[in-house]
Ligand SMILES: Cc1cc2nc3c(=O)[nH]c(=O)nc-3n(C[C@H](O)[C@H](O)[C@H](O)COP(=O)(O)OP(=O)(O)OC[C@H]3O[C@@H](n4cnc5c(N)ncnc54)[C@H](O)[C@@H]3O)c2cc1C
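Just one chain follows, in the form predicted alone, and it is written as structure tokens.
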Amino acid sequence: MSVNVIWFKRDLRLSDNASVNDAISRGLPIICLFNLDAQRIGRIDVSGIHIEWELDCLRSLARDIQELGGVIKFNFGNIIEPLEEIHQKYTIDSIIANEETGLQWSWHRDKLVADWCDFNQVNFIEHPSNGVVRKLRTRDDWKKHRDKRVSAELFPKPSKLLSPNDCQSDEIPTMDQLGLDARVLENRPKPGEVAALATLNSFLNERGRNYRKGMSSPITGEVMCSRISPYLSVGCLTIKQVFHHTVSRQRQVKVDPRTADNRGFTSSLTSFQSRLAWHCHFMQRLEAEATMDEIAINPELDELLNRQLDQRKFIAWRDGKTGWPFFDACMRYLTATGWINFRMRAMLQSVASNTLWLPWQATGTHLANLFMDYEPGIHWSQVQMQSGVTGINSVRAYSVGKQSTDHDPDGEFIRKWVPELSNVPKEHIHEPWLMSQVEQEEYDCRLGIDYPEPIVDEKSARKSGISMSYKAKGDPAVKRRAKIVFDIHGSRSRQSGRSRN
């Protein structure tokens, strides 16, 4: 008996799934396959929370597949192992998958499957995923391709899956069964495709009303941000689906923007749409540079900056014990929940690279482990951009003090996540190092004992980092590389003046 295999990677859904739609149209019995690559487990950018989230979402997908009469096989190890087993028992006609934009190891894995298919005369069919365009030479026409891709019709959710009669689904193992562990997260979202769509709809119809105003603060952003990133990271939801639902909501709002249900959504939905485009834009970078976790896209610039790992600074940064209350609160919040809003992510990385002058590979890897929604294409693009190693972006050196007073003026967020400062009044909450000894005793917060002194003078260290970064950007070799980088990676939305990416 000939069968087709749907190879699920980071596309754990049945709706708007090109591979599922294609496999059904071919008429042969289908075996769904998920392989947890053993190689991933040992990677320094991979945390147990990533694997646990993926398995939970896979478990939800498995239930959906079985309800439609389908079967799903699970393997932990090398992807070739289950393919060999299925091929020997049934004979595989085609392996159908969605393209995955990942780091170098995933490219090697996909090439291994392609070579196996060639050797065994099996068709290997990969469908485009989201707005990422493969084999793109420059960015000149990227937006046209991306817009056409995400505005195309959604693939319908299947009503039935035909599977071999003698094939049984595997139980999706738990982390304990696999011998893996993950840190416990607070307020962890519900897994699966249904929960993903519910989260998106709650944003588009309720929570996102003040998105434009509220997305920058970790306090308001917790509710007002879309919170769909964990689902996008494992493919429970596609950018195309998000685009379609957002456009539909925009049409509703446009009919009568002043009703109670629609008021405030016009500008917020416009802002949200632009961020959907940035998602694809940054993912496209990884498509061309699969080693972005290790090598700067402007290596000449990175070499000149010559950041070194200072363990004392790194540990203080990592543990949220820098002595800068708002920064420490953000790092501790992220560690506890696996999520924080975009502006604060940028601040965490910027402070590491520009103020503490730590190498972006080490700090970026630690943040990757903290983010439940770790998406390599987004993450490493942002790490390199915030660290100033692209050569085509302005130097982004965030002032912790400004972010603190702008987004937590009363110290509410600080006191919650840095309990050492719970008794410190508003006038000192952003800069506790200015308290006198008497005040420290009064507010039960002794600097250097209960809460650390600042690891460095933030203002002067940041200014020094900015100065060194701009000096390095002026190097002739760096400028030559920057022109190449812009050709491959630069946004075409604005080509005069400073590049914006």
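Since this is a predicted model, take the numbers as computed values, not measurements. One-based numbering along the sequence shown.
There is another form of the same protein, the form predicted in complex with this ligand; it is not shown, and what comes next is about it.
**Q** How about Ala346 - does it come within 4.5 Å of this ligand in the predicted complex, if we only consider non-hydrogen atoms?
**A** Heavy-atom contact with this ligand at 4.5 Å: present for Ala346.
**Q** So in the predicted complex, is this ligand close enough to Trp339 to count as touching (4.5 Å, heavy atoms)?
**A** Taking the distances in the predicted complex, the answer for Trp339 is yes, it comes within 4.5 Å of this ligand.
**Q** Closest heavy atom of Phe76 to this ligand in the predicted complex, within 4.5 Å or not?
**A** Heavy-atom contact with this ligand at 4.5 Å: absent for Phe76.
**Q** So in the predicted complex, is this ligand close enough to Arg275 to count as touching (4.5 Å, heavy atoms)?
**A** Yes - in the predicted complex, heavy atoms of Arg275 and this ligand come within 4.5 Å of each other.
**Q** Which of these residues, Ala290, Leu334, Leu305, Cys225, gets a heavy atom within 4.5 Å of this ligand in the predicted complex?
**A** Checking each option against this ligand in the predicted complex, the one that comes within 4.5 Å is Cys225.
**Q** Note which of Thr355, Gln386, Thr390, Thr322 lies within 4.5 Å of this ligand in the predicted complex, where distance is taken over heavy atoms; exactly one does.
**A** Partner contact (heavy atom, 4.5 Å) among the options: Gln386.
**Q** Determine which one of 251 to 259, 417 to 425, 370 to 378, 187 to 195 lies within 4.5 Å of this ligand in the predicted complex, judging by heavy atom distances; exactly one does.
**A** Comparing against this ligand in the predicted complex, the contact stretch is 370 to 378.
**Q** Even though this ligand is not shown here, does it sit in the predicted complex so that Ser229, Leu232 and Phe282 each have a heavy atom within 4.5 Å?
**A** Yes: each residue has a heavy atom within 4.5 Å of the partner.
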